[in-house]
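Given as structure tokens, the chain that follows is alone and in the form predicted alone.
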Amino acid sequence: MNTEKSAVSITFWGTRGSISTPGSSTEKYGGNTPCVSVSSGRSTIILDAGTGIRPLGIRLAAQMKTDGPFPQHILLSHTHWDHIQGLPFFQPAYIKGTDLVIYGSSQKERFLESILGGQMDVNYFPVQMKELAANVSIREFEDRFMRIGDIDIDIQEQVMHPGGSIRFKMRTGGKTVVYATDIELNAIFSPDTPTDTTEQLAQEYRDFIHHADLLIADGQYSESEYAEKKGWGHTSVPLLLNVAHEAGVKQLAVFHHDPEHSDAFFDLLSRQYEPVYRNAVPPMHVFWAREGITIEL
């Protein structure tokens, strides 16, 4: 486990769920679908490859013009379109000499490689994956732990989402960052009929996020919306905030924004909930993830 103290930097490149939503009403919090980078020392990992990976790739490609190609590591929570649709537009994939490694779940009916390659079929996209200039390797997680450079990563499957998903806990520089998007926590923590299975899943989630310095988590629906969208695989804001606070999370980034939600709506939620948890005991910093912002831990 890496416990050496160093700066940890987290940048949000895409925060929207389901489908990209460009427009004047989403300029503040962003319209690109999920992509987050986590950097510590000389190590960087990329979480998900939604449309937000395009601006990240533009920045990385510009850096490569000066420094030359360097390895890229992409960890996919799952392969729904909003989490992979930016991959064909990731510029380092077109730079010769770049080692591009894409990791994902082995819990699929089809191999991960065939899923990713399928969206670049000639009928959907003009460049096939085998034609990319980078050295592309696609790996399915075989263990619950891996290490990339200075970053230790715990991996845990999430079942309360159609097709499943993965959450990641990154420990580096003495800090812990958890990325746990696309999960219906209401079905675990507030099920119609509690069972031994839901109690076990709840405890696993609590343990995974316990005392995280930053939790990036699915909070797609308001409380009233969730009542109409139960079973859709996403979490209500009030339940997420309560679970995170009980687990001792220090900062919570509400993530995977509903495509119907505007900047004004998020501002309203912020005013409603942020003061409550800022003044709670212990305090928890709550914010709605915004495209383009960087958090330093």
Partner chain sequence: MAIMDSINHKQKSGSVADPALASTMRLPLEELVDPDAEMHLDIRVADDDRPQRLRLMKRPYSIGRKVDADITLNQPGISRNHARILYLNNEEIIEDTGSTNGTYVNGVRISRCVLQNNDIIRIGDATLLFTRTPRK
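Bear in mind the structure is a predicted one, so any value in this text is a computation, not a measurement. Residue numbers count along the first chain shown, from 1.
There is another form of the same protein, the form predicted in complex with the partner chain; it is not shown, and what comes next is about it.
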Legend entry - 4.5 angstroms heavy atom contact with the partner chain in the predicted bound form for H245: no
Legend entry - Contact label in the predicted bound form: K250 to the partner chain, heavy atom within 4.5 Å: no
Inset, instruction - Using a 4.5 Å heavy atom cut-off, state whether F287 contacts the partner chain in the predicted bound form. - result: yes
Inset, instruction - Although the partner chain is absent from this view, report whether K229 comes within 4.5 Å of it in the predicted bound form, heavy atoms only. - result: no
Legend entry - the partner chain in the predicted bound form: contacting segment from 22-30, 230-238, 64-72, 39-47, heavy atom within 4.5 Å: 22-30
Legend entry - Neighbours of the partner chain in the predicted bound form among 266-297 [non-hydrogen atom within 4.5 angstroms]: H285, F287, R290, G292, I293, T294, I295, E296
